[in-house]
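Coming up is one lone chain in structure tokens, specifically the form predicted alone.
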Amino acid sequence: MEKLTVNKLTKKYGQKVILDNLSFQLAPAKIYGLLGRNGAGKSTLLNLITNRVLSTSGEIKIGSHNINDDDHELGKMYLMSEVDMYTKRTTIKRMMELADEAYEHFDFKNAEQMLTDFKLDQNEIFTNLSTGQRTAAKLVVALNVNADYILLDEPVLGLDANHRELFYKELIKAFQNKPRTFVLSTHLIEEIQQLVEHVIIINDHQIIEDADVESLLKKAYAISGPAKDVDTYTDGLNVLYTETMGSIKTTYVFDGLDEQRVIPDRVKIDHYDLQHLFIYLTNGDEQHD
């Protein structure tokens, strides 16, 4: 596998900017989270990467090869999207056959086991399924297709808690059995925090964070205590959000803490999770008192 590189990618519809000058890389055999609020451009980005939509400017490469109209390079990527691409009479079995015809070496044996676990019949017609069942059927295809880059756009749409848990287990198994690059674009950040190694966060048409989860969370501190003490301790730090309950103030910081910074006796310091970091990073300067 070679790395996938996005360089200065911009997408506009008329005068409306959807994505503005994005640059990042996807490394081989790694699980990524693609995060952003509704309308941030996540789906557009995944469609650009797979050449379903053409960019206004910029380039996308796998290794040294530009993916534009290059069937060989495009054949290394598979996008599971919210858009249903199948005709009205397509069965789940035919969906798997189409994936095998396009990519070869589809894992039918594991796919059939997944169908059993999801309580799906491969002879069922895709368009007759419920939203959750359609998602499950598409996941069966996506996790067993022979591609180097598997892009999953809202992969748990309509799934109940049990089936979401099943998907996460199958994703880990697929990654362990054949290490590939997976990109998960989802709003259920709390559920994927333990799965993804690296996140790309889009806000206001641009990438605001592109880093390993571990390194991000090392800088995510919740500092609480009497308001005056908290304000003194956090002076000069990158404060994302604050909230006050009675005499206690909690300030959510995204910054490194200098070991020389004296911690007041009544101040408590904890870490907070990826979901809250995402919320605070993309909520601007909103505060809560």
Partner chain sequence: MQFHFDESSPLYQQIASQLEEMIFTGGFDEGDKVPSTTQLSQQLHINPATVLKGMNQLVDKGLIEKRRGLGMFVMKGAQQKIMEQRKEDFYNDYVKTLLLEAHKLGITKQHLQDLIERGEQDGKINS
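Numbering follows the first chain given and starts at 1. In this text the structure is predicted, and so the values were computed from the model without any measurement.
What follows is about the form predicted in complex with its partner chain, which we do not show.
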> Even though its partner chain is not shown here, does Ile172 get within 4.5 Å of it in the predicted bound form, heavy atoms only?
Replying inline: yes
>> Against its partner chain in the predicted bound form, would Arg266 count as a contact residue? Criterion: heavy atoms within 4.5 Å.
In response: no
> How about Thr116: is it within 4.5 Å of its partner chain in the predicted bound form, going by heavy atoms?
Replying inline: no
> Even though its partner chain is not shown here, does Asn123 get within 4.5 Å of it in the predicted bound form, heavy atoms only?
Replying inline: no
> Out of Asp100, Asp204, Glu154, Glu197, which one falls within 4.5 Å of its partner chain in the predicted bound form, going by heavy atoms?
Replying inline: Glu197
>> Between Glu112, Asp210, Glu165, Asp84, only one gets a heavy atom within 4.5 angstroms of its partner chain in the predicted bound form; which residue is that?
In response: Glu165
>> For the interface check, one of 140-148, 84-92, 68-76, 188-196 should have non-hydrogen atoms within 4.5 Å of its partner chain in the predicted bound form; which one?
In response: 188-196
> So which residues in 218-236, when you check its partner chain in the predicted bound form, have a heavy atom no farther than 4.5 Å from it?
Replying inline: none
